[in-house]
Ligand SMILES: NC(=O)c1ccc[n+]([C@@H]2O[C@H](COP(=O)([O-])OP(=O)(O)OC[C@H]3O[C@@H](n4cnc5c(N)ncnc54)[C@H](O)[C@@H]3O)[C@@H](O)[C@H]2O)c1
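Next up is one chain by itself, shown in structure tokens, the form predicted alone.
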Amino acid sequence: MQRIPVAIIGCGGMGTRHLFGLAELERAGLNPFDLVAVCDVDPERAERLADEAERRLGRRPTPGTDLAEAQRLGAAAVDITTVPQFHHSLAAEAIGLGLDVMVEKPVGLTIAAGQQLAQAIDGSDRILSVAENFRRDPMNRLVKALIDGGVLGEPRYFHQSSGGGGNLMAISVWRHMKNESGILFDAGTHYTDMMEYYLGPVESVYAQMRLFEKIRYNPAATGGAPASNPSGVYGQSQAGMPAEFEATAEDALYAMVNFASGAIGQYAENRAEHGRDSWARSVHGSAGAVEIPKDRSGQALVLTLDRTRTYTGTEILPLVPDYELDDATAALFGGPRAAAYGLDFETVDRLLLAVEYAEFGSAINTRSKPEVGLEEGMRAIALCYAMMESGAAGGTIVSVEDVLNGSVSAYQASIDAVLGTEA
């Protein structure tokens, strides 16, 4: 089959990580794409990514600056990996140019931004895929198989809590700026997607939210090791960021979540934790519960049924005879029924991005709906903002539908004013 000419739009850290994912797909002999262009408003970044692509793919894409240039260079599809405030407008522009699009999450920085994208592409036959990688982790696929197969019985309760970070910068300054996608939203849209992937639609939430660490510190600016540097691609840019700065985005969120099915969820995200880093996720049902490892860790699930029988790793597989990974995931993670994998974070990060690319290519070639499209992407941001809108209002119950249709949007108002997406 002829390769699809594609361009990466946004050549910073996320664009580099996506290139690494494409290179993994190439190495596995599964790459449906030909990377013809890499574009960035900073020409030096585009040149660097083009050089990296030549090293990893054996051919050098042409550096460019914008979507129109990517199209002139032959791209039929684009992968948008810029900072979040440009996701919706670039996706709309690309589809308007007749290009198929994969866009990093969040699909929009606010609900109004997402609605603007939806209006712009209404009636188009182009593919829009949202690059959501957590649900593609084989361990999360196995959890989904347990739930759908009835192994847990009737799902009753979802729990997730995590903490870490202290007063240090998480990857970049913009992740601490409310109007640029604060850390609760940047990470939270992963987790809200996971909630609905596991247990279906959420109807309402109530929450408390805090900004604990008003000043954040960046040790990389003074020659120290970065506090966080996923896949090792942010170090150079972190060294040029301020050593300390004022944060405007909240860093802790505590919520109760009401699923349409009748299940209840409890969610806690503390990005200002000064104790040990922590993680817990579990799903509980009428027949048992499953403890779920941190995404991209490859650790085995722990399943307990009727309070007495415990299964882990491959012991779980006989309980889910229908569990089978898609071809690309199976090829990259060692088989169609992976129950754990012993890979470092950087490798897993690349492989899951490779799976995103594989599915995007398949959707283009078959003109089929991607697993995570505009609807799923919008629900992820709506659920995240429902919690944040509730927290900003002091813990009132907020309907996800009211956030999705724009009738509850007070917390997002300042962001929309910056984006120019206010009503």
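Please read these numbers as outputs of a predicted model, since none were measured by experiment. Throughout, we count residues from 1 along the sequence that is shown.
FYI, the form predicted together with this ligand isn't displayed, but the following is about it.
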Residue among A252, V348, A263, L90 with a heavy atom within 4.5 Å of this ligand in the predicted bound form: L90
Selected contact from D186, E269, D137, D193, since only one has a non-hydrogen atom within 4.5 angstroms of this ligand in the predicted bound form: D186
4.5 Å heavy atom contact with this ligand in the predicted bound form for all of P5, L30 and D79: no
In the predicted bound form, segment of 306-314, 280-288, 105-113, 138-146 with a heavy atom within 4.5 Å of this ligand: 105-113
4.5 Å heavy atom contact, G21 to this ligand in the predicted bound form: no
Exercise: V41 in contact with this ligand in the predicted bound form, heavy atom 4.5 Å: yes
4.5 Å heavy atom contact, F333 and this ligand in the predicted bound form: no
Proximity of L97 to this ligand in the predicted bound form, heavy atoms at 4.5 Å: no
Residues in 220-253 with any heavy atom within 4.5 Å of this ligand in the predicted bound form: Y234
